[in-house]
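Just one chain follows, in the form predicted on its own, and it is written as structure tokens.
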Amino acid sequence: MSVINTKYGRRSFIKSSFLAGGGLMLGFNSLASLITEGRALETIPDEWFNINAYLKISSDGVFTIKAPHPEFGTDVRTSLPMMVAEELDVDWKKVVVEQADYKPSIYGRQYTGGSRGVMEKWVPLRTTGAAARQMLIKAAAKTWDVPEAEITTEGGVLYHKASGKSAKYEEMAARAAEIPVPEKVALKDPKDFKIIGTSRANVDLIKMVTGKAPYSSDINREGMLYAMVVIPPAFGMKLKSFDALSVKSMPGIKDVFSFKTYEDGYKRNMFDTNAFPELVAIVGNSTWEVLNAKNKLKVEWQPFTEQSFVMAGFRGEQTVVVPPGLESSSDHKAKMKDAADKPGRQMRKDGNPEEVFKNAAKVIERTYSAPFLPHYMMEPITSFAHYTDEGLFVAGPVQSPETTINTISSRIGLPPEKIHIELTRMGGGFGRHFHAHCLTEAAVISQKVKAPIKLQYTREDTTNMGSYRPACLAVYRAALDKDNNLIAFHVKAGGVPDNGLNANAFPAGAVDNYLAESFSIASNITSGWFRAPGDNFIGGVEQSFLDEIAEAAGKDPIEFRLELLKRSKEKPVGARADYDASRYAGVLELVREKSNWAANKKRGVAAYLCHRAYAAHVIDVVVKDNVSRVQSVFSAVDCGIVVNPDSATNMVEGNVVDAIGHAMYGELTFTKGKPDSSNLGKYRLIRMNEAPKNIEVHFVKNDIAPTGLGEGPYPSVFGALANALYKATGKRFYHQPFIKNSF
């Protein structure tokens, strides 16, 4: 049992004495819970203490919890309320979940991404439930004139066993609202959980399977017009001119005009990723009429010269230089190879790797690469905006409303408090909806035409506007002594335009002589957040290379990794390692057990730490008629306490299928700045009959607070698949997509 001090606390909780109907409402600001013990409360901005999650107890026994985060498939709308309900001690069947709109003055920070939702809300939302339960107990004790310690709760009912008295929560809600928020509350010991750790159906399941779950494309308003944007045909180009008269007389067309997404001199935030900040808008009475006009609009484009802008990101402000030119994938490959042949930017160095490589008995060197990857979400992007004299209403798929609203505010000249965002459910995302310039575009168009607007991207627009997973390349070297011991390790990794190298990831800390270098290639093709950003490439190829080292050393691949992890734990090298060797080893040991590893050597294994989750996979591949198929996948994951096992299992299975599909088939190439595949007719995704026939998911059981899951299992799938293909075909797979390698 943990005792939580609500002094991230009395001002953190805001309650109303009475709701309509005599219920109790209690809210808790989760950001306040992130303050460390020694920091003075007075140093925290007051706005951190506004409500960002509600618990409402109605007079008819319904418990309503508002979910502050937008939902795009990770099921936070179920998992987060489960944490409140657990500590409140209510019947889950009586819980109703509502999606909160974006209201920073009430909810604080709201976003979905980085596998942080459950982790960051673990203490605050449980504290919300525990505090409400304690207030109800106090109300009952006062009403019955009995000691608080003698009152127990179960399923939303208060009991005083000595007197035989009982009351439902709703009967005490009004009295509880008059009681001060307790200064300290006790949180349950994990062994006493009744809801957390049990499988609960997605609260939106019925709506989703019956088509009633609302998405942004479902929004309709009286007087609403439809809009589309016309974008340059290639990266490296910009608008020169357009002939509005060529389509203005077409049926249903209301207006045609150009506009800038960003004002000149605007300081972008890290999610303001948009290669085409000047677009042409077409507005009309229906999507069909607007699409017809879009296809016939006469537009001239021209190459742009070198551009630059200031961006504020995780590492502070920096000037981003965008080179001119119409880039092709062949150019990217040549530039990355050239950069890899030169000294890179040194990120970490332990020992004297250069000297050790010179004198090694055996040196292994391998080069790995991966192409750009588009997101190809289930839904093409749609956003809604209605600008009036009173303010702006926008709705759409957005993972980070805070940064989006600031961009909109700057562009249309409205203060953030006059902009209301409705957080619609997203049909997938995997990072793409962090880049929500579509909402800004809809706002600008609505402001211009003075009408509610639904902005619809075509599938080609959604794909061609960028924010891809970068193209990457990595060169690995390993040095072995005469006894086949690993004595030096060198990685040089980079990409177009970003690299995902984590210099302190495994096997850093486990090898005496270690060198990590990076490089980057400037590009006008926009990259952005993609599932397991940074790790999705490097994690897979690292694990593929470790298998080659194990084979050269004559060791079992799991035993080889465990030996390195033991070394890192018992005698670490260097000042830092960004992993817990015991937890890392734990998933390897669990997957070895569950997959019956020793019984079948025709398979591949990999393990990796990503977004605070440790994951290991064993993949079985069969080859029939010269076609490789994944037969079975065994997954072991350590993400701390699992709140909802069904939801967690679904996320791991989704990671597995998604990663196999991208590793085998995913590739977006460019010819003179233009994507070669703009729609699903030409882009290869995994098909249903290519998914694994069996996926077994196992979780390490511990009492560690949740550490994220939506992205963690992803990178190691790439490595396990490459290693399995080698065992099945006798050929190593160094370059994605693997399907291009002949079997």
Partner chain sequence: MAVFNLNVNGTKQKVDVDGATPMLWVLRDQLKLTGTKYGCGIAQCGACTIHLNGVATRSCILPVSSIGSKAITTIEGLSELGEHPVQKAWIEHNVAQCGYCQNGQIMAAAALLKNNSKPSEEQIETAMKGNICRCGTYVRIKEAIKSVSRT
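Numbering follows the first chain given and starts at 1. The shown structure was predicted, so the numbers you read here are calculated from the model rather than taken from an experiment.
Separately, the form predicted in complex with the partner chain exists; it is not shown, and the next lines address it.
Of the candidate stretches 387-395, 280-288, 264-272, 79-87, only 280-288 contains residues with a heavy atom within 4.5 Å of the partner chain in the predicted complex. For the options M426, I196, I137, M237, the residue carrying a heavy atom within 4.5 angstroms of the partner chain in the predicted complex is M426. This chain lacks the partner; the member of S467, S647, S400, S628 within 4.5 angstroms of the partner chain in the predicted complex by a non-hydrogen atom is S647. Though the partner is left out of this view, D658 does reach within 4.5 Å of the partner chain in the predicted complex, counting heavy atoms only. Residue contact with the partner chain in the predicted complex: H437 places no heavy atom within 4.5 Å of it. Taking non-hydrogen atoms only, K212 approaches the partner chain to within 4.5 angstroms in the predicted complex. Contact check for D481: no non-hydrogen atom falls within 4.5 Å of the partner chain in the predicted complex. Contacts with the partner chain in the predicted complex, taken as any heavy atom within 4.5 Å, map within 679-718 to N679, L680, G681, L685, I686, R687, M688, N689, A691, P692, K693, I695, Y714.
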